[in-house]
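Coming up, as structure tokens: structure 1 and structure 2, two forms of one and the same protein chain.
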Structure 1
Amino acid sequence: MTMAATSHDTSVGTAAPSTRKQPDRTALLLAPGVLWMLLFLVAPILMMVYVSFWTQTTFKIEPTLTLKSWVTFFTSDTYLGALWTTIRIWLIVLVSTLLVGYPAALFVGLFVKNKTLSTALLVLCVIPFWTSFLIRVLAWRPMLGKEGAINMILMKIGVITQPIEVLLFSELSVIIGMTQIYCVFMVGPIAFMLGRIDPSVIEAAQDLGAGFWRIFRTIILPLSMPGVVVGAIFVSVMVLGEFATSAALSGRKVNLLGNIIVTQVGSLKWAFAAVAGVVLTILMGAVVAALLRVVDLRKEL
């Protein structure tokens, strides 16, 4: 292996001296981006890990290493509760975006044969993303509130006589909000994968007498799985780091790890914020690593 590599290197060096400069050029092209990421992404995260071991007193932190903040985190009901809530909300939103998004992706990616129409439908799904994320979150308030649009409509058509109060400022409102905001990240990759399925494969199955459900189970679903995984990565990364939707729609009833970090930073408890941050990083890393085991992101490009 090493022998082959060296002989290859020398042959390149002797045959074409002009290409010897190429590795330098690659390094030169990569240096700014890699440096930027190391300085402003990796260093801050390492700093966060380091600070999570600092000593937190009421108003400041000192760089004396201790496990105290970690012990506080894992013995406090508030923090542990936030960890479980984060995991629960993440799982529910993941499932709900998949359930809500998949049929739409199926229609756009597979059933709409007209290329222009399917592109137009996808664009229609993406357009809301040009409205500020925070405005989209806020838009759920007049929708779900006691005097909100949904309650008003349901009362008008006589389905209910009393407004449903659980719609807003509850865990349900957070889940509804997040599902709407993030489901497009599920629809996009799935529709993309479905669009790549060779129609003749489905035709062949049809000719052989397979019904829709059988075709769906044995052909469509397996071939769309990379899309599902990519969508799951997008949704997971975004939901796990969330704090704004729960802040706006739960009335402080739902505390995610993100909310804990924001509160702790607000009261200058940097070490506690850092511990929550490290826990969130580990959780996210585990989720993404697990999902990346199923599908190679570079190959799907």
Structure 2
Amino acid sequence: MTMAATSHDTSVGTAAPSTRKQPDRTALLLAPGVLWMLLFLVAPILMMVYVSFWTQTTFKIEPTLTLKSWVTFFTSDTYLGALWTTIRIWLIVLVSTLLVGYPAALFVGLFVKNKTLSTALLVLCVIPFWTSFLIRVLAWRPMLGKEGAINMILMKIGVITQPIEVLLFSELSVIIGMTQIYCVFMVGPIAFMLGRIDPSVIEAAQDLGAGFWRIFRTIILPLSMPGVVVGAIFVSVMVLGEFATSAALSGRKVNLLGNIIVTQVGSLKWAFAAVAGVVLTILMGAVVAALLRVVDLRKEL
């Protein structure tokens, strides 16, 4: 009896340190990531919020707290116009990337049975990223210009008699450029989710007499929704923070919040830039939170 009690105490004694070490090990593993997030995400956001309340004058900024910059932002037609333009272009680009990217992802992820060929097609989608972002943006100028490739082709085949001037240095050119640049971020996640669909499920639906559109509506689309949400988050975050594409393709005629921030920072108006940055961060957070409510990504992925 005594030996049994002794062995039991020994086993409890040896188990206790192992359970005590587990939280310590978890904390050590989490520490670098948490420290990184605190230093390079949380601290900059808090500093941006703090600076947005500083007193901004024409030539200097003082750390005296005031709401003047916030009042100026929400009473200025320039700032509010940039905010609504940002939201409008984001919605249009989000829809256009989905309309262009979903059929491409459907072909690559579902219709192409050869995995090697499917991977090769996805790599082809990524090839433009082998060049500089700025080069990819500026490459649209000779395509969309008054004497550009698109106008020349349309005139040669007789579709138009005069060049379409609205193709360049307009909101349309910004939307075209952003759609081409960010479409791949919609294709990748959707193609990944479509590739996970069991072909036997679709075959069973076909055997039961279901047509393509019914299969698409009841099987393919619901199972691909996590990919659509992930792609929408990628596209939304990048489009909402854009400034280079609008500046290069609109001739500075289209002002997004990103362009406002760049202009204000260049003018050393840190408080105004911080206000625009806080508004943009809140907008991004709201969009991502809304998209995450569409699908439970933890469960689906």
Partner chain sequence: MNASGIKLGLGFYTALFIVFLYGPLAVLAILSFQTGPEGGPQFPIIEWSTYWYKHLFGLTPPSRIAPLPIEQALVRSLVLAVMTMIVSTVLGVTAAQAFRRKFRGSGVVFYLIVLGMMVPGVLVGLGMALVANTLGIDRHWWGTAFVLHVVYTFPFAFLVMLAIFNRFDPSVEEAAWSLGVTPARTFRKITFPLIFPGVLSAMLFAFTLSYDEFSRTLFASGRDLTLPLAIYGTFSVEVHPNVFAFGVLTTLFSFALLGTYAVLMGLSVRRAKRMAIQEEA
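Note that the rigid core is defined as the largest set of C-alphas that superpose within 1.5 Å between two forms. Every residue number counts along structure 1's sequence, beginning with 1. Keep in mind that this is a model prediction, so the values were computed, not measured.
Between the two isolated copies of the chain, the form predicted alone corresponds to structure 2.
Once the cores line up, the CA of residue 63 ends up less than 2 angstroms apart between the two structures. Superposing the rigid core and comparing between the two structures gives a CA shift of 3.4 Å at residue 32.
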